[in-house]
Structures are given as C-alpha cells and as structure tokens.
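For reference, the chain that follows is the form predicted alone, supplied as structure tokens.
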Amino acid sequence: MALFRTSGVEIKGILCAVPEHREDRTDHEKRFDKEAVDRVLASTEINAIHLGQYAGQTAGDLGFTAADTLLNKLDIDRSKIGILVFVSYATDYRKPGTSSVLQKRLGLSVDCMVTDVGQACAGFVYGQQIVESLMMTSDSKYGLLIVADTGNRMVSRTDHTSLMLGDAGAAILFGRNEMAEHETVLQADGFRFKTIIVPGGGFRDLLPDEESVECSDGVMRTKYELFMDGLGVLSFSTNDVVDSIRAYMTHTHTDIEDYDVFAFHQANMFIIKRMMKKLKLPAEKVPISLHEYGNTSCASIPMALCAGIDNYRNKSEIKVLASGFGIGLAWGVTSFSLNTANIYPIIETGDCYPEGVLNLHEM
C-alpha cells in the first residue's frame, strides 16, 4: 500500500460539465430489446447518460468548459496558475498532450507546467495526489486538475455496457492553506490489466483488423472497442477497494462518523450498494450522480459531489472520503475538506473547439 502525505494545499473549488445531448430508456430501446434494457437499468440504476459525440465534443472540450467556468466564478488570476494536470484516456490527439491545448485555450501563462496522466476511474484520486505533490515542491499559488473522459465512443454499440458510460469533464482548483494536511493511498494491480481493456489502436497493435468478433460475453467487438470482465470488476470493487478503505480509516484513526461524505467512483449502483453494505455506510452520506449521468470515468467523484451538494448546504464545510477504482487495475483512497459554497452545480454545454480539427494542407 503506497501511502502519500501532503500539506499546505487544499481544494478551492469544483465544477463539472456534461454534454447537452442526453439519452435515456427510450433511446436505449431503439438499439436493444426492452427486456435487455430493463435488466441493465434495474441492476445499474443508470437511467440516463450524456454524450458528446453528436456535437463533436471531446474530453478536452468538456474539461475546458468546466475549468473556464470555475476560474471565472472564483475570479482567479490565471497568471497565478503554475500547474495544469489533465487526466483522461480519451485524449484529443495522440500527440501533443491535451494539457498543452488546454493551456492555450484557458489563457494560462507559459510559466505554467502542463502534463497529461493516463488514468480513468481512479484518475481523480491519482490526479489530486499529483497536483498536491507538485505544489508542495513549487512556488505556484494555484494548481488546476482537469479530469474528463468520453469513454462511450470506445464501446461497441451492441454492448450493453454502452448504456452505462456517460461523458463528463470536471475542474478542480487547488490553492494554498498552511493548515491543510492530506493522506492518500494509491494502489495498482497490473497483473489484472486485461480486466478492462481496449486492446487495439495503441502502438502494441496499431492498426488491427476492424472486423467484429464475438467475445466471451457474447458481444461482437472490434479491437478498438472496450472489453470488460464484469465479474472481475465486481470482485475487485467490492473486495480489494473495500479492504483499502478499511485500511485507510484504520491508518488515519478515523471511522464513519468522522466523515460527512463518502464519494465513490460511480461504476454502477449494484457495486456502490455492495460497498455501502460492507462498510455499513448510511445512504445519506453517499452522494450519487449515476442515475442521471452514468459512469463518467475519472470525472465521476467530482460529479457525485456536485450532484449531491444540495444535501450538504447546511454545512459550511464537509469532510470527504473519496475512492476511485477501475482500469489498470488502479485504485486509491483519500480524504479532504471542502467549502460547500465552492462546489458548483453541474452545467450542460454544447461547446466544442472547431479550431482543433486540423487540415494537413494548412500545416
């Protein structure tokens, strides 16, 4: 268990953005029979998802809108942002990193360092630790974490998994606070890397045949489309991750009563309920965003906080335990305090970046 400690840095604000285009049961039944849709929705309790592909929106677009809106709301001097970390598996280009494009679009200084991190469902916890660690060893006044994914584009349209994966972006601003202290646990098990995988399109298998093949779960897929071992994910989430949360609370000498909120990756409701039962968590402490937005990958923890914040407005500050888990397999547990006034409602956007589509003859 890799344990990290940071101090002097806190989260100053969170804002999430989703595409305007929404799909629900009616849309799902145009692709799958009603019985199949009923079965998936009953177990996952994901009633709708928002998709950016119909407007040409990318993870970079959703992250930009979330970050630009957040910085405007907080009235931040963008020249004081010295760190930008973009977390996603759905980057705008193979090269350069999307963080470079976002630096330009957000109008950040050339003195701001930028980097991309290839994480998905554990991306918020990994990203938080990276930003806080960088700030501890720099003189930056602010650090900006953007987590965004458009994972639905990597799923076969004949795969029921596509009913669960929504698109979203989240921006998290970090700033100085001498009193802040955080402990974070990050773990990974690459021995199970095949549990959730898109096997084609990387440099290991750059241009595989696009023929669809029937996989072990009966779904027709190409190598460019996501495969997920459902039982393997369930076991991992409800055993390994739960064990780590327990170990984290033991290490930090905390228990359920010490936290106002338990913000989990929004995989599906079946997994979250199993985790809640094992940890004996009251429902009022576990915010849910997946009913309306689905599994939004690395953005799902901020999405849960923003979707559920109205339930905690009676407090000026909340103590959060967060856990992200998924592709890799990778997972993490952390905790932090948040000013509830700076956790903003989820916004919908149709914005994209036409200048980002480049023609070779213009280069």
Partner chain sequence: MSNLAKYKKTLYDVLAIPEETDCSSLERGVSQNWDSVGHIALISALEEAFDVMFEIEDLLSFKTFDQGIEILKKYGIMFED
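Given the structure is predicted, the values throughout are model-derived calculations rather than measurements. Residue numbers count along the first chain shown, from 1.
Not pictured, yet referred to below: the form predicted together with the partner chain.
Only one listed stretch (73-81, 266-274, 105-113, 132-140) carries heavy atoms within 4.5 Å of the partner chain in the predicted complex, and that stretch is 266-274. The closest non-hydrogen atom of Met220 lies beyond 4.5 Å of the partner chain in the predicted complex. Using a 4.5 angstroms limit between non-hydrogen atoms, Asn311 is distant from the partner chain in the predicted complex.
Contact between Lys278 and the partner chain in the predicted complex is found at the 4.5 Å heavy atom cutoff. Taking the partner from elsewhere, Ser337 is found to have every heavy atom lying beyond 4.5 Å of the partner chain in the predicted complex.
Distance criterion of 4.5 Å from any heavy atom to the partner chain in the predicted complex singles out Asn239 from the list Ser212, Thr254, Asn239, Asn177. Taking Ala247, Ile197, Leu234, Ala188 one by one, only a single residue has any non-hydrogen atom within 4.5 Å of the partner chain in the predicted complex, and it is Leu234. Using a 4.5 Å cut-off on any heavy atom, the residues of 35-50 that reach the partner chain in the predicted complex are, in sequence order, Glu35, Arg39, Val40, Ser43.
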